[in-house]
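In the form predicted on its own, a lone chain appears below as structure tokens.
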């Protein structure tokens, strides 16, 4: 078993605040880019503020931009409002290497900087490379690191790890090609494919909800669950990312990664332990149980749509085709709804409905298990007309928590039953701020815990599930529907569930 699979797991080893990074050099490729400024550096500042970083940790920025050490340090202080003294101390040691990612001399100079840090800053031969570049550079940078001898730790007991941002390919073929490039330079145990959704506290809490409570796991199966719904709703449009979104669309941007990760945790069998290998094995087994859509059924089981102009939060917004850098005759989907089936003992016959879209009425992400109705309702229709099926809802964002929906008697002389909700809120229960997803995942990568990162076979299976849908979109065998901004999508989405006698739940 790989050392990373045996690394201390925060799910098993105690509180997040007890963990601390080892000495290391954190090398950020794309150090002058947007992701570094918006996510990576602020997450590092929060870790520094919590004293979760080793005093022998040094950040090395690599980018094409013409900067020196002092300018990179100035950038790091500027992007963090109200920086802590701990951050200022950390930034004082930052280094910067300017150069082209395809130029071997860039990596020669990087190697010299890393050797100097091992000697002078005590980074102990540990390297964590973070690819915050455009996806097209993932493979070339990995190969260049290997050619320069930087993909292996320079001394006994050290490590070299590579963090890769999504997207992991554009389809099954390109994902496998990228996988081959990465494995040509690094071993799988060194690769940390990051999806920030898995860093969210509520996503991780699916494990605790299921496997730490005797009241939920016994009913988490086909005997009691009528169907499962996953919703990833956004009220925003594409903003200034029109050019990117034209090449992605909702299926690639959300369904192939975020939704599949959440489904893996929701559908998986209980792991033997909460070690990385056991959890990731069960997630992959769950994804392999999802029936890959047959080309002839995609048109019936999938809805794609694009938003038109409308009103969101009292503000008039333009349609997708009027957005910046979007083609006026674009057929890129901004909304996807799907019906999936799971072929295993636990979930056979339980449909899984998935929807995601932009310019919907509000932003939220949730997983809902709607339970079967009672086999016989003793109450008269007049006494139970407001009674809905029981449901358990895990709210992932923005109001993180759990809602249990069930029937209760209405107070009063008459006997009537209606649906009520019992809510658990993270903010109210724990009275402390949860770590940001990037903060959590950065520290995980530093300490060598791969539990919340995506393994090669998991990426492959996710693409296999959506591949027939991608091809159907490309050949227009799934019509492009329209929906007004500020609504819950096109009527075709409602009909997808209505044909099964179900509806999207206002949980």
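Bear in mind that the values here come from a model prediction, so they are computed numbers and not experimental data. Residue numbers count along the first chain shown, from 1.
Below, we refer to the form predicted in complex with a small molecule, which is not included among the displayed structures.
Q: Should the three residues 166, 241 and 258 be counted as contacting the small molecule in the predicted complex, with contact defined as a heavy atom within 4.5 Å for each?
A: Every residue of the spot touches the small molecule in the predicted complex.
Q: Consider the chain as shown here, without its partner, and state which of 426, 197, 347, 87 has a heavy atom within 4.5 Å of the small molecule in the predicted complex.
A: Contact residue from the list: 197.
Q: Just to confirm, with a 4.5 Å cut-off on non-hydrogen atoms, which of 127, 355, 358, 283 contacts the small molecule in the predicted complex?
A: Looking at 127, 355, 358, 283 one by one, just 358 meets the 4.5 Å heavy-atom criterion.
Q: Taking 4.5 angstroms as the heavy atom distance cut-off, pick the stretch from 170-178, 358-366, 216-224, 402-410 that is near the small molecule in the predicted complex.
A: Only one stretch passes the 4.5 Å heavy-atom test: 358-366.
Q: Hey, in the predicted complex, does residue 254 get a heavy atom within 4.5 angstroms of the small molecule?
A: Yes, residue 254 lies within 4.5 Å of the small molecule in the predicted complex.
Q: Considering non-hydrogen atoms and a 4.5 Å limit, does the small molecule approach residue 397 in the predicted complex?
A: Within the cut-off, so yes.
Q: May I ask you to check whether residue 201 falls inside a 4.5 Å heavy atom distance of the small molecule in the predicted complex?
A: Judged by the heavy-atom cut-off of 4.5 Å, residue 201 is well away from the small molecule in the predicted complex.
Q: Classify residue 275 as contacting or not contacting the small molecule in the predicted complex by the rule of any non-hydrogen atom within 4.5 angstroms, answering yes or no.
A: Residue 275 lies outside the contact set for the small molecule.
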